[in-house]
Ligand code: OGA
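As structure tokens, one chain now follows by itself in the form predicted alone.
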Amino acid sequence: MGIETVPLGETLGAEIRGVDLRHRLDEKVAEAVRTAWHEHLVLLFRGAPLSDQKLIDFTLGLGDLEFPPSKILNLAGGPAIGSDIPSEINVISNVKENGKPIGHLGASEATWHTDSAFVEVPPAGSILHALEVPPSGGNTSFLNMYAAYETLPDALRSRIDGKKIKHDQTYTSAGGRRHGYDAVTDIREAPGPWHPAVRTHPETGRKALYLGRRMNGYVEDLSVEENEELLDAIWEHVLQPKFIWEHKWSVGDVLMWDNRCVMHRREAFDDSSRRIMHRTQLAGDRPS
């Protein structure tokens, strides 16, 4: 098939060469991509200028499509995304047209998070296509949650194994409060689903920490003080450089990552620069 896999990070990330995303994947190529994805968790395809339909076709070659979180939660009052954008596409952008944002998350930092962990059945994967990138900033970093769990000290593992974490729906990963949601004054009462703090990947069988986000994370049955102490200790372990790989974007890049075992963050960038990304999501299952 002429497919080459080039590892990029110490514990995750690989570039895939020899796959033309402008053409629908045949089953052998799709299986090779899925195998590489399960091994490396984050895959990079360089220089692939795609239409939205081609991005959707690529996603469908790997599984079922998931709709953006705004549609899953039936959110109103969101960005004024153009009618020419397919409903399966989530626009990530700081650009404004006629004074209104065309996408989500702006130019500020998007803190460490798992995409759409705040819904009952989160997506399995995210696929992000770079249409416009700023001259500096806006890099995306990824975190291997298999490795973070497997190296977790026994004392912390015994405290988190078997527990559930509530994933707050109120705020975005950029810290903005979603339209129609009240400010959270007690993390124990925040709206959102309960997911296992340690989930088993349905395809690889490996266990990974599933934290969602630090903001308003709440471990069941703990006091607020106990919760903050435990999560602070776990996050201190998780955010070791050896678990992280950072990607500097170029126009045409396509990245796909596994939300079941990977977290990511986006660094801030100059809001006077344009950044436009289009994202699709692969449907997943309820974490277990």
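Computed from a predicted structure; not experimentally measured. Start at 1 and count along the sequence shown; that's the residue number.
The same protein also exists as the form predicted together with this ligand; that form is not shown, yet it is the one meant from here on.
Within this chain, residue 140 lines the site of this ligand in the model of the complex, having a heavy atom no more than 4.5 Å away. In the model of the complex, no heavy atom of residue 58 sits within 4.5 Å of this ligand. In the model of the complex, this ligand sits beyond 4.5 Å of every heavy atom of residue 166.
When this ligand is considered in the model of the complex, residue 249 lines it closely, a heavy atom lying within 4.5 Å. The candidate spot formed by 105, 257 and 266 lies fully in contact with this ligand in the model of the complex, as each residue has a heavy atom within 4.5 Å of it. Look at 212 to 220, 147 to 155, 109 to 117, 95 to 103: in the model of the complex, residues with non-hydrogen atoms within 4.5 angstroms of this ligand sit in 109 to 117.
When this ligand is considered in the model of the complex, only one residue from 184, 128, 208, 89 comes within 4.5 Å through any heavy atom, namely 128.
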